[in-house]
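What follows is a single chain, given as structure tokens, in the form predicted alone.
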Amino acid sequence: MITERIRGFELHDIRKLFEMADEDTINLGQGQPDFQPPMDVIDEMYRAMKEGNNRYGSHYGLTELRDEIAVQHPIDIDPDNVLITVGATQALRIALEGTVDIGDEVLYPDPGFVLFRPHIELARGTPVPYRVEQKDGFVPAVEELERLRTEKTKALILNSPSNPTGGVIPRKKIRAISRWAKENDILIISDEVYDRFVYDDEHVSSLRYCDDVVVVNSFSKSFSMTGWRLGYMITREDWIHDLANIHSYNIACPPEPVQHAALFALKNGEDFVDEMVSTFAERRKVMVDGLKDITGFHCITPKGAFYAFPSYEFDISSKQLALEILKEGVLVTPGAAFGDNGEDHLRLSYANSLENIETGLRTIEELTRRFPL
């Protein structure tokens, strides 16, 4: 029998809208690059399979891959600080399962990634949303975190660059938040999946300023491997063993051929990443300029990821607005899918062609002309 706790989980609105779209829909809702992985990386996975790398491996992950992640990381870490996971999703799940007890409170951003709240609840923690505001560049304020802190506050989830807002937490703010967390004995779980997609600033990890941090990352976005399901976490060496045990009981071990391909990508794929980020920067300008030209929309320029998160003035819920836009053949994501504070916003992805972005924006403009302000 299914538990009442699980019965309370519903398919989030993003998936529901995706299932309503057809093959002719212009998809400005997708959360993945519209690039294929580099062909030589695909060839490397095929080579690894042909050479017999098809068996169970270490539950810690491929030694050479952990070594390379440590070597390339901008902060001095050891391979023993790295655990390879089945996507960042699994890394987030075991990070929360391994650190949160029943009744512990976990602060998470609102609007924020759709998996944060369910994963906290699955770990039997209590989710506590903190507001991030458009006027502040969707960057968290220490004052807001302190307002929500109680004696039960165990962990804080940060996400920079942010999905859905594109906000990037600047160095000064990361330092202040890290100091606050350290002073209050609060663990930071830092989702850094979009760390390579930063345009006007720099990516700064809280790992630079605090020891009690679990960094969650992935190969999915950087090398356009979303369907390959490979990620990793970085944290204290004395925590890795216990988290790896949860990981082992959860999935046994990450897939070997994909790890060999990811290792090759790390060593040889920098030009691919640079090209993709440059392309997204060009599309970002078209998306933001186009949204600013539509009456009733207000959009700040996202500093990272590949999403714009405009607010709007129309008297209609974000879900209903997204449905009306979908009827016109364009898929966008309602802001409320990312939390109550996301209402009166939409998320639009510029991981699509310039032609589709421009067509989609024209469609939205023509539709919303009919809406009173």
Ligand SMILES: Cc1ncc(COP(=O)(O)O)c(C=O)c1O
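As the structure is a computational prediction, the values presented were derived from the model and not from experiment. One-based numbering along the sequence shown.
In what follows, reference is made to the form predicted together with this ligand, a form of this protein that is not presented.
**Q** Counting only heavy atoms and a 4.5 Å cutoff, which of 191 to 199, 268 to 276, 248 to 256, 281 to 289 contacts this ligand in the predicted complex?
**A** Going through the listed ranges, the match is 191 to 199.
**Q** Non-hydrogen atoms within 4.5 angstroms of this ligand in the predicted complex: do 93, 100 and 124 all have one?
**A** Answer is no for this spot.
**Q** Answer with one of 222, 81, 178, 163: the residue that has a non-hydrogen atom within 4.5 Å of this ligand in the predicted complex.
**A** By the 4.5 Å criterion, the partner-contacting residue is 163.
**Q** 173, 229, 131, 149: which sits within 4.5 Å of this ligand in the predicted complex by any heavy atom?
**A** Partner contact (heavy atom, 4.5 Å) among the options: 229.
**Q** Quick check on residue 113: any heavy atom within 4.5 Å of this ligand in the predicted complex?
**A** The answer is yes: residue 113 has a heavy atom within 4.5 Å of this ligand.
**Q** Using a 4.5 Å heavy atom cut-off, state whether residue 235 contacts this ligand in the predicted complex.
**A** It does not: once this ligand is placed as it appears in the predicted complex, residue 235 has no heavy atom within 4.5 Å of it.
**Q** Taking this ligand as it sits in the predicted complex, is residue 207 near enough to touch it, meaning that at least one heavy atom pair lies within 4.5 angstroms?
**A** Residue 207: no, not in contact with this ligand in the predicted complex.
**Q** So, residue 89 and this ligand: in the predicted complex, are they within 4.5 Å at any heavy atom pair?
**A** Residue 89: contacts this ligand in the predicted complex.
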